[in-house]
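Encoded as structure tokens, the following chain is the form predicted alone, with no partner shown.
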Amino acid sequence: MQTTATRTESRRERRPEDRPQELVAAALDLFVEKGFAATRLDDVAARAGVSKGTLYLYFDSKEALFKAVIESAVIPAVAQGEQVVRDFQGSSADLLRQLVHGWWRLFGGTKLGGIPKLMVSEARNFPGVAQFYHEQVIQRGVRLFAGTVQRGIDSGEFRPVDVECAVGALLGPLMMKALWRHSFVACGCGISEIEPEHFLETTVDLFLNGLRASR
């Protein structure tokens, strides 16, 4: 068990170049736990084990810290999905299935899955933060799925549909799954959730059966 002296010594041994990532990790934890408005920079500094003055050496506002969380943790997951789409050689149905499961593995099933709840509840009060998230995450994510649906339509694998509406019909249940996990399930009041892999497979199966072109 670490003593106070041991923890203090451990903090002194940290390299300065590690501090921004430690602050980002602490901010992510608190944003998900408490929300954007309720998280104070004092809390972030304390969770990271540094002074508030040290935090200001790297981030001049809570908004800047939130953007750093998105840039370091969420955008790489989106970029990985974009790379999957560029490299994929199989059917559009298989690509959609891979994207959905990849979304859960890298985002929805992790603490990052708490960010959509934060954005839904606080976007109106922090429009600058909401705009940044919409441009850097939502729009890019929607393009991934829309491009895949269009790919299937162009090849004749999927029937012609309104691509924007179709993508909304797929992403809605996925977002709800993340919101449910970080609200009702997280509240500790005995509410359970459907096993994630089963939920994802069922969602994709229903979606693909609605898209498949008749032969």
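Source: prediction; values computed, not measured. Each form is matched to the other, and the largest set of C-alpha atoms that superpose within 1.5 Å is called the rigid core. We number the residues from 1 along the sequence you see.
Keep in mind the form predicted together with a further copy of the same chain is missing from the figure; the text below concerns it.
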> Is Ala25 one of the residues lying within 4.5 Å of a further copy of the same chain in the predicted complex, judged by heavy atom distances?
Replying inline: no
> Is there any non-hydrogen atom of Trp104 lying within 4.5 Å of a further copy of the same chain in the predicted complex?
Replying inline: no
>> Please determine whether Ala46 contacts a further copy of the same chain in the predicted complex, using a 4.5 Å cut-off between heavy atoms.
In response: no
> Does a further copy of the same chain come within 4.5 Å of any heavy atom of Gly172 in the predicted complex?
Replying inline: yes
> Within 4.5 Å of a further copy of the same chain in the predicted complex, heavy atoms considered, which of Ile153, Leu41, Leu57, Leu179?
Replying inline: Leu179
> Across 24-53, which residues bring a heavy atom to within 4.5 Å of a further copy of the same chain in the predicted complex?
Replying inline: Val32, Glu33, Lys34, Ala37, Ala38
>> Rigid core aligned, does the Cα position of Cys187 differ by 2 Å or more between the shown form and the other one?
In response: no
